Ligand code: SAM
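Before any questions on how it binds or moves, here is one chain, the form predicted on its own, in structure tokens.
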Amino acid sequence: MSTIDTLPPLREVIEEHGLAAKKSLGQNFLLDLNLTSKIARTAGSLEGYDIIEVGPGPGGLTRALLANGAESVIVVERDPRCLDALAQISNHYDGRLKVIEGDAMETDWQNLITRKTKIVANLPYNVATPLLTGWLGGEAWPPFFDSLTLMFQKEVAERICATPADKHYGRLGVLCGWRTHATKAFDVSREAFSPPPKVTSSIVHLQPRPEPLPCSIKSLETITRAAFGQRRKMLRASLKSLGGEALLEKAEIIPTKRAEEIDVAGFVRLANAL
């Protein structure tokens, strides 16, 4: 039931516009508007920002963002079936919603924004990690956004927030730990979605670090790809093609350590040594 505005409940919207979720688009719709409001609040104050949302579907999170004070919401939706439902939301909220029909993987984000920006989204599972690494992996920093509040499969969320010695720690944890403060806010039960996915989901909030340790992103990617590509091996073996023990000595890393034991600062030293 709708508890945040006078628009119809989302189940009625889905039925009216024939919005049965498509597996090919990674669609799983959140129907509980109280839950979408909780996600919106996790992003902090929305006033004074452009809020970008990817894959709004019938607009459950979109409505929550607008009802919780967002003055400007920009949504990127690939599915043309959703456009009429989103247009109704835009009309209800006096044009504070701008709808872009297109593929998020091909969107020029810089051209969408006019001021400070936050990204808040229930990302389609099939593009969630590529979108995140694209937003965090640019050479220019600080980025165009002030924060990211995103939904992922729980396993991916754990990888994003992982630290050394955590079984989920890997390349994604190094990238996110290097450039952001990443925290898992809360889990979302599979029963909250229509249709229910096969896994639990989690909301992650990422706050960009204003000045990450100096490092080339390309070198860091090269180092972490090699180190975690053979994570059971000691670094002197997994990094042999990149300089092996000489590289590790230069970075002041013990050669018998494994990738999962090296913190972000250690990987930065290795990237700079490379």
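Note that residue numbering follows the sequence shown and begins at 1. Keep in mind that what you see is a predicted model, and the values were worked out from it rather than measured.
Below, we turn to the form predicted in complex with ligand SAM, even though it does not appear here.
- The partner is absent here, but in the predicted bound form a heavy atom of 30, alone among 30, 234, 206, 43, sits within 4.5 Å of ligand SAM.
- Between the options 76, 89, 175, 188, the residue in contact with ligand SAM in the predicted bound form by a heavy atom within 4.5 angstroms is 76.
- Among heavy atoms of residue 162, none comes within 4.5 Å of ligand SAM in the predicted bound form.
- When ligand SAM is considered in the predicted bound form, residue 157 lies well away from it, no heavy atom lying within 4.5 Å.
- Among residues of the shown chain, residue 108 is not one whose heavy atoms approach ligand SAM to within 4.5 Å in the predicted bound form.
- Ligand SAM is not shown here, but in the predicted bound form it comes within 4.5 Å of a heavy atom of residue 103.
- Look at 90-98, 141-149, 175-183, 77-85: in the predicted bound form, residues with non-hydrogen atoms within 4.5 angstroms of ligand SAM sit in 77-85.
- Taking ligand SAM as positioned in the predicted bound form, the residues of 116-137 that bring a heavy atom within 4.5 Å of it are, in sequence order, 122, 123, 124, 127.
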